[in-house]
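Only one chain is shown below, in structure tokens, and it's the form predicted on its own.
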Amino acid sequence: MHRIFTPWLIMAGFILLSSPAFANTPTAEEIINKANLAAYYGGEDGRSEVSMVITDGQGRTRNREFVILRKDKTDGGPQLFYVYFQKPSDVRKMVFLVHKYLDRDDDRWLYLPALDLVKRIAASDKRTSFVGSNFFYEDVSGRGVEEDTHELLETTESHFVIKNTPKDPDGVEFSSYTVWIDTKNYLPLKAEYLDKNGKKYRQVEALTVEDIDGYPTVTKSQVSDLESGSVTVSEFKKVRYDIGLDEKIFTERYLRRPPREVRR
């Protein structure tokens, strides 16, 4: 999808179809673009508090708690993300900052308070683990729709099923991924990834969806590593849209000095 719903995330506006069997079924590209808006562009900005539980293949768990702030520069266009970690103590005050673009690689920074170090995250690292979870750095702001080709495999009463194949297969670890998208609100509800041998190895699911301020919003999601057996479940609480976030929050200046918006 354009920006696969991490979950984390911060989901958005939608367009209704009168029926999934409607004669003028939208194209794969139209569906994907609407899914991108539904998953990542709710309102002009947004805030959410996230509780994340990471369970490894032996059943051991770790927790993460953080706040996500998001601001759209244009609807469907460039965006800004600010992630502030609150718990546990080993990640407290850590900050992940993203400037998302459509015409080039996103800019990503990670502030490590223990070292008082700001680290740039290279484009080649975007599909590596996000703070030890089953989410990737790319999942926070999403994957660009233009990075894949899209094929509509099936239209059912409840879902559009879209196969996405990377245009640069050497730049990612998967060969393709298939997304199930709600036919009524275009929210992505499930994604399955195939490895280079065509075996399913990763799954992303929306477990709970709620209407918040008129926007369909994933409030609980799960990412599963089918090879290791590890699972990450994220719950999104106190989700709010259109709160008037200042663009200056999303600058390097605020990596070391978190804004009051992460605490309110």
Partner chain sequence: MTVKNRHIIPTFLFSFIFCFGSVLPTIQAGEDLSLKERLYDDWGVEFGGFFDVRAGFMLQNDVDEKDLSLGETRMQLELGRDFGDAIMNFKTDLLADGVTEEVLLDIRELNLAFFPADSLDIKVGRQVLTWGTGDMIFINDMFPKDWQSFFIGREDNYLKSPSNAVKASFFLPGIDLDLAYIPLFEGSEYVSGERLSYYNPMVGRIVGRDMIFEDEEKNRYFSEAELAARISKNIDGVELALYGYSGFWQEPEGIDPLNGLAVYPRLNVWGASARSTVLGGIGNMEFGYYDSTGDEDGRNPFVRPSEYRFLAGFEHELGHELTGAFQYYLEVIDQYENYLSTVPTGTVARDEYRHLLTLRLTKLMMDQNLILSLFTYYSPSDNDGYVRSRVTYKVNDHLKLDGGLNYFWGEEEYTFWGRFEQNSNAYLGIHYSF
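Only the largest set of C-alpha atoms that superpose within 1.5 Å between the two forms is called the rigid core. Numbering follows the first chain given and starts at 1. All values reported here derive from a predicted model rather than from experimental measurement.
Beyond what is shown, the protein has a form predicted together with its partner chain; the following relates to that form.
Residues of just one listed stretch (189-197, 131-139, 174-182, 151-159) have heavy atoms within 4.5 Å of its partner chain in the model of the complex: 131-139. In the model of the complex, D106 approaches its partner chain with a heavy atom inside 4.5 Å. Interface residue remark: R120 is counted as part of the site for its partner chain in the model of the complex, having a heavy atom within 4.5 Å. A residue is said to contact a partner when one of its heavy atoms sits within 4.5 Å of a partner heavy atom; T74 fails this definition for its partner chain in the model of the complex, lying far away. In the model of the complex, E247 stays away from its partner chain, with no heavy atom inside 4.5 Å.
Using a 4.5 Å heavy atom cutoff, R62, S89 and R127 all lie near its partner chain in the model of the complex. Shown without its partner, this chain lists D56, E49, E210, E30 as candidates; in the model of the complex, only D56 has a non-hydrogen atom within 4.5 angstroms of its partner chain. If you take 232-262 and check each residue for a heavy atom within 4.5 Å of its partner chain in the model of the complex, you get K248, E252, R253, R256, R257, R260, in sequence order.
Positional change of L245 between this form and the one not shown stays under 2 Å at the C-alpha, relative to the superposed core. Pairwise change in the model of the complex: K73 and S124 C-alpha atoms lie closer than in the shown form, at least 3 Å.
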